[in-house]
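This document starts with one chain, in the form predicted alone, laid out as C-alpha cells.
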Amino acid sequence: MPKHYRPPGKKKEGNAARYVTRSQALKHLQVNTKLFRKLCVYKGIFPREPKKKFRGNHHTYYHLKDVAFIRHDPILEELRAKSTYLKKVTKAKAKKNRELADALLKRQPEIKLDRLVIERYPHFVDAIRDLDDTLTLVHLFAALPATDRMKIEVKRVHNCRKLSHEWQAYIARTHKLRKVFISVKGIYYQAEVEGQKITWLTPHGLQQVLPDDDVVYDVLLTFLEFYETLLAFVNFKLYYSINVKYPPILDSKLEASAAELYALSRYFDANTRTSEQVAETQLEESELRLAQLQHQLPSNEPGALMQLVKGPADEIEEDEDTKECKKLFKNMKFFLSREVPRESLLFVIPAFGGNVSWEGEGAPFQEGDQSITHQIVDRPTQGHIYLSREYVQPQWVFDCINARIILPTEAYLVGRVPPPHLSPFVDNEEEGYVPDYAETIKRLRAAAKNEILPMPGAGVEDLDDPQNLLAEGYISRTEAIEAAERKQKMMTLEKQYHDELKMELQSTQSSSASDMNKQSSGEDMEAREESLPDMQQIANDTANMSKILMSRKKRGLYEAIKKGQERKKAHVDLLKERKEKIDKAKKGKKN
C-alpha cells in the first residue's frame, strides 16, 4: 500500500488539518456570519493563505488555532447573550409594543472591551505602534454626521470628537508633531510618541456625503467600537505620564463655541500649575530628608545619593527634535480669520510653540491686538489692514513646519499664487527628481544653520577650492593658504599612486607578452587591443549569468525590480519634460 494513501474518515494531515474554511469555522463556533466577523475584529484575527488551498481558491481560510482562540473566549458568550436580548426587542417592535421595546433598549447589556485591549497589547509600545488606523477612523467618524439610516449615533460622534481632541491636545502640549501635509483626501499628520512614528489622516472640515453602496458601515462601526476603547486607554496613559488628570473637565462655554482644543490647553495649564506646586512641596521635603541623611552617611555616600535623586529628572529630558519644534513659532502670535481651517491651525501652531487666537467667543485675544505678528487669511482682498503684522495664506504655516524654519512670506502674501506644497513624506533624492522649491528650502535651511552649499550649476567639488571659499568670504587668507597646501599635497600623493598603479599594469602586460610568440609590432599591437577586455560586455555577461542562475521566483522578483526602476525613471523624465514646457511657456509670456 502506498505511503500517502489514507482510508476515508481517518485523521487529516497537512493544510487540511491546520486550516478551516469560513463555513467550517461558523459551524464550529455555532454563530452566524455577522457575529463571526465581529469576533474576528475584536480578537484581531485575519484570514490566512495556506500554501495549498485544499477546498479551492474561492474559499476564505482561517487557522484552526485562531478559531479555537475565539471559541474559548468569554466574549463569545457575551455576544450570544446580547444577540438573544436583541431578539426580544425585535419581537416587541413586531407586536407594536413601543414602550416595552424602548425599555428593553435602555436596559440592554453593554460589552466591555477593556480585557481584549490588555490581551492584544500587553505593552504600551505595542498599542502606540498600532495607532495609525485607530486615529484615522476616529477622526473620520468625528467629522461624519449622525444618521439613523447608517446606525451612526450622536453619542458615538461626540465621543470620537472628544477622543480626537484629547489626543491632539497631548501632541500639541508635548510638541510631538513632526510633519503635516494637505492633500485632496484630507490632512496627513505624523507624530513621534515613545519613539514610534504615528501617521494619521483627518478629513477636511467640509460637509461629508455618506455613500450607500460602496461602504459596509457595520464593519466600520465594529472596528470603531474597539478603537474607541483602545484610544481611551492610550490617552489615559499619556495624560498620566505628564501628571494630568484624565478624563479632562472642560469649560462648557468653550465647548459650546467649538473651541475644545483651546479648552484642553487651558486645562493642561491649570493642571500643570497644580502639579508643579505639588512637585515643589515634594522637592522641599526630599531636600530636607536628604540633608538629614547626609549627616548619617559616610563622606563618599552623599554624592551617590544625589545621583539617585537627579536620575528621574534626567530621564524626562526632551530630545533634539522636540526642542527644535518647540522653538519654531516662539514669540509669535497668530490670528485666524473666519475662512481658514481653524481646527487644524489651532492644533499645529501651539504644537510648534506659537500663540493663536480666532474670531469668536472665548478667544484669548482679539483681532485688534497690536502684538499679533501674523494673521492667517485665505481671501483675495483684505478690508482693514494692520501695518504691524504680516498677512499670509495658511500654506505658509504648514510649509514652515515641514521645513523647520521660518520661510519668507513674500510668496505667500494675500492674492498671490503660493509655491507648490511639497510632501514631507517623499524622499526627493531617492525618487530621482528634486523640485525647484525643494532646492530653495534646502538653501534657506543651510543659511539658517550657517552651512555651505554649492551654487546652482556648481558641484560639491567647487566648495573644496580654497580660492572660491576665500572669495565668498567663508574663510580667511591664512586658512586659504593652509588649505591650498593640503590640497596640493593630496594631489601629489594621488598622482604618485596612479603612476605606481600604471607601472604595475605595464609590468604585468610585458610578462604576459614574453610568454607568447613574438610577431611583428603591428600584429602585436592588434593582438593586445583584442586581448583588452570590454568592461561593459563583461558587466552585461555577469548580469546575464547571474540572472540565468537564479530560481524562477527570484528571477521574477528581479524583473519586477527592474520594471519598477524603469517606471520610476519614466515618471521622472515626464516631470522634467513638463517642467521644461512650463518654463518655455513662461518665457514666451514674458517676451
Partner chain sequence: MREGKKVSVEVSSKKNSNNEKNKKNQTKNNNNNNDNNKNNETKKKESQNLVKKTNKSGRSVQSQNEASLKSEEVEQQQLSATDSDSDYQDFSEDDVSENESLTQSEDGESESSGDEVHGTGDDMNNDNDDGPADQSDGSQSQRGVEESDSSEDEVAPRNTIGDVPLEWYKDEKHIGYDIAGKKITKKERQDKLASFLASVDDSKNWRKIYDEYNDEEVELTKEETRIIRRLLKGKAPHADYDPYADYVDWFKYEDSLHPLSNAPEPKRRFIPSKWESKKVLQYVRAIRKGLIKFDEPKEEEPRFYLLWGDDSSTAEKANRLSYIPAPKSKLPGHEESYNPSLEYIPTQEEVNSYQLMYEEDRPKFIPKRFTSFRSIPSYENAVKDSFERCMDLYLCPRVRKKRINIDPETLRPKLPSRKDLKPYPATCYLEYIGHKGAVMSISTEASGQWIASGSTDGTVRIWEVESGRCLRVWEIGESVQCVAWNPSPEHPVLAVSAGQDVIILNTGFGNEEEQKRVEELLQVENPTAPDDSDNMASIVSWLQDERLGGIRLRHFKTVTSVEWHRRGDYLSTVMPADILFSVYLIFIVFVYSFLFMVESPTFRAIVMHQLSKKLSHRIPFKLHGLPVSSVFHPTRSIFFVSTKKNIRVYDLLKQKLIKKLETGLREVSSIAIHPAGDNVIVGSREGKLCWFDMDLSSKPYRILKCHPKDITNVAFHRSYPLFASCSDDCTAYVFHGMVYSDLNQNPLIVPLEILRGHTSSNGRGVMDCKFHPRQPWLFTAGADSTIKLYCH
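Throughout, rigid core stands for the largest set of C-alpha atoms superposing within 1.5 Å between the two forms. Since the structure is predicted, the reported quantities are computational estimates derived from the model, not experimental observations. Residue numbers count along the first chain shown, from 1.
Not on display, but discussed next: the form predicted together with the partner chain.
Engineer: Looking at 193-201, 81-89, 487-495, 168-176, which one sits within 4.5 Å of the partner chain in the predicted bound form if you count heavy atoms only?
Structural biologist: Selected range: 193-201.
Engineer: Go through E359, E153, D369, D132 and name the one with a heavy atom inside 4.5 Å of the partner chain in the predicted bound form.
Structural biologist: Looking at E359, E153, D369, D132 one by one, just D132 meets the 4.5 Å heavy-atom criterion.
Engineer: I need to confirm a contact call. Of V244, L230, C325, L407, which residue comes within 4.5 Å of the partner chain in the predicted bound form, counting heavy atoms only?
Structural biologist: That would be L230.
Engineer: I582: heavy atom within 4.5 Å of the partner chain in the predicted bound form?
Structural biologist: Taking the distances in the predicted bound form, the answer for I582 is yes, it comes within 4.5 Å of the partner chain.
Engineer: Considering only heavy atoms, tell me if Q207 and the partner chain come within 4.5 Å of each other in the predicted bound form.
Structural biologist: Yes, contact at 4.5 Å.
Engineer: Contact with the partner chain in the predicted bound form for E566, defined as at least one heavy atom pair within 4.5 Å: yes or no?
Structural biologist: Answer no; every heavy atom of E566 is more than 4.5 Å from the partner chain in the predicted bound form.
Engineer: Give a yes/no on whether Y391 approaches the partner chain to within 4.5 Å in the predicted bound form, heavy atoms considered.
Structural biologist: Result no; Y391 lies far from the partner chain in the predicted bound form.
Engineer: Can you tell me which residues in 371-389 come within 4.5 angstroms of the partner chain in the predicted bound form, by heavy atoms?
Structural biologist: The stretch 371-389, when checked against the partner chain in the predicted bound form, contributes D378, R379, P380 at the 4.5 Å heavy-atom cut-off.
Engineer: H58: CA shift of at least 2 Å between this form and the one not shown after core fit?
Structural biologist: Yes; H58 is a residue whose C-alpha shifts (by 2 Å or more) between this form and the one not shown when the cores are overlaid.
Engineer: With both forms fitted on the core, give yes or no for whether the Cα of K554 moves by 2 angstroms or more between this form and the one not shown.
Structural biologist: Shift at K554: 2 Å or more after core fit.
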